[in-house]
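Okay, here we've got a single chain as structure tokens, the form predicted on its own, with questions on binding and movement later.
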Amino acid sequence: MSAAVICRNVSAGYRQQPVLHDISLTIQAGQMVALLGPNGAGKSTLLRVLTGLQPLTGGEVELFGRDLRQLRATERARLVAVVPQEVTTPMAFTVAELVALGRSVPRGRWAGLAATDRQAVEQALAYTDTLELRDRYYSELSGGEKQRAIIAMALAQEPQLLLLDEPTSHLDINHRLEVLQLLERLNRERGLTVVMTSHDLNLAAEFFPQLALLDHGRIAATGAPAEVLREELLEEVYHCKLAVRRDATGVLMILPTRTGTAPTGKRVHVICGGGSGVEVLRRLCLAGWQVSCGALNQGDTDAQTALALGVTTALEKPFSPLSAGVLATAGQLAQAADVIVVCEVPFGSGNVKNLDVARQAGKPVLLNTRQVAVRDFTPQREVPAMIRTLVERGATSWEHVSDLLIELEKVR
């Protein structure tokens, strides 16, 4: 079996912001591969790389044995067809007219449809079960019908590789199954290589023999569903509790496990600032915790969020160092809590004493330890040492809110 796609140490990004880091991936001709991963993992960027629309900052890509950078746009269009998440058009195209646009590359921009073009259009309509829709306007179709029409347009190109960017994201479950069964049939009957990004782990496990899991622009795992969809790996990538089971037919099922429900009457005190606590405060309040916060300066983003959520907060005047009185109030709130959460706060001389509040409260501390040195703006660079002291005294580290909620479940 020859390779349809080979990525060797591929890196890419937008406006000097890296997104993909050293991606190496091989997709054999005739395979069906689903690209999985959370938002921002790099799935859509990788798809754009394979189309040639996203320039590389490193590495190389081969399509069917040819260097992608050496392929002209018309050559790429003969090899690769793309189905985006959604297509809108201001023109009143019928389905047949829309599908015929897929013949633009083979026939040339201004040439009329030849007999071979008409045959390709009819075949694409037949394969996607859209023959009966041919005279209907695209704008009048349902979501599933529109997606089938766009896939028909892509098939009319007669590509060797079909790339689909979350084609089922806006569809109900019936139309999702309809689209995926169509892709499965096209792969089986025409040998079409299919690469699709998806957020639906269950449908990917059922329909795609090969998966590639991305995390922060890197490949976390590739292989068959059973090799990739492992609980410990998925929890590390998605930062939430998941259970992997098999249904009665043996198909893998991935089920989220509810986390973050507060034990009755439990209190948490949050040390945050500069926007680091917005999501934490929101999630804790939604989960039913009794939340306090501070010390913070009035006008701080986190202070505004706390006010909106009705969170009791120790507040200092705007742009002022934390006074002894406000710190004492924060200390009282911390001592009244069952657990203290320290967010990914930028610390300077004005607010670093909040770490003393956490240390002196005598309560369990859940501490965000990401990029501590980068967040240290104190004159003496004292924050790393203070963080180490908290860790040595038993503080538990966390990086993502989902990790924090899991740790909070242990508080009883």
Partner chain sequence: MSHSRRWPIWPLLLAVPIVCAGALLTGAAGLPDWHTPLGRAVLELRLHRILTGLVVGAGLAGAGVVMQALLRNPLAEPYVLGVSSGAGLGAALAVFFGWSAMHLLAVPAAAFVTGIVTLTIVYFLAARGGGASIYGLLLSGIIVSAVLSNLLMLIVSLAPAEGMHSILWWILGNLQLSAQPLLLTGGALVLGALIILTMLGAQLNALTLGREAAHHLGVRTGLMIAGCLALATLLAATAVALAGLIGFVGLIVPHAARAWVGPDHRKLPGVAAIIGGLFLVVCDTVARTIVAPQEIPIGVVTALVGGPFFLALLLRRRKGGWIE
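Residue numbers count along the first chain shown, from 1. As the structure is a prediction and not an experimental result, all values here were calculated from the model.
A second form of this protein, the form predicted in complex with its partner chain, is not displayed here; the remarks below concern that form.
Though its partner chain is not shown, can you say which of 338, 97, 178, 184 has a heavy atom within 4.5 Å of it in the predicted bound form?
By the 4.5 Å criterion, the partner-contacting residue is 97.
Taking its partner chain in the predicted bound form as the reference, which of 201, 326, 284, 82 has a non-hydrogen atom within 4.5 Å?
Contact check passes for 82.
Name the stretch: of 237 to 245, 305 to 313, 86 to 94, 186 to 194, exactly one has residues whose heavy atoms fall within 4.5 Å of its partner chain in the predicted bound form.
Stretch with heavy atoms near the partner: 86 to 94.
Would residue 233 count as touching its partner chain in the predicted bound form under a 4.5 Å heavy atom rule?
No - in the predicted bound form, heavy atoms of residue 233 and its partner chain never come within 4.5 Å of each other.
Taking any heavy atom pair closer than or equal to 4.5 Å as contact, tell me whether residue 48 reaches its partner chain in the predicted bound form.
Output for residue 48 is yes: heavy atoms within 4.5 Å of its partner chain.
Hey, in the predicted bound form, does residue 301 get a heavy atom within 4.5 angstroms of its partner chain?
Judged by the heavy-atom cut-off of 4.5 Å, residue 301 is well away from its partner chain in the predicted bound form.
Is it the case that residue 73, even though its partner is missing from this view, gets within 4.5 Å of its partner chain in the predicted bound form, heavy atoms only?
Within the cut-off, so yes.
Could you list the residues in 153 to 180 that come within 4.5 Å of its partner chain in the predicted bound form, counting only heavy atoms and keeping sequence order?
Heavy-atom contacts within 4.5 Å come from 153, 157.
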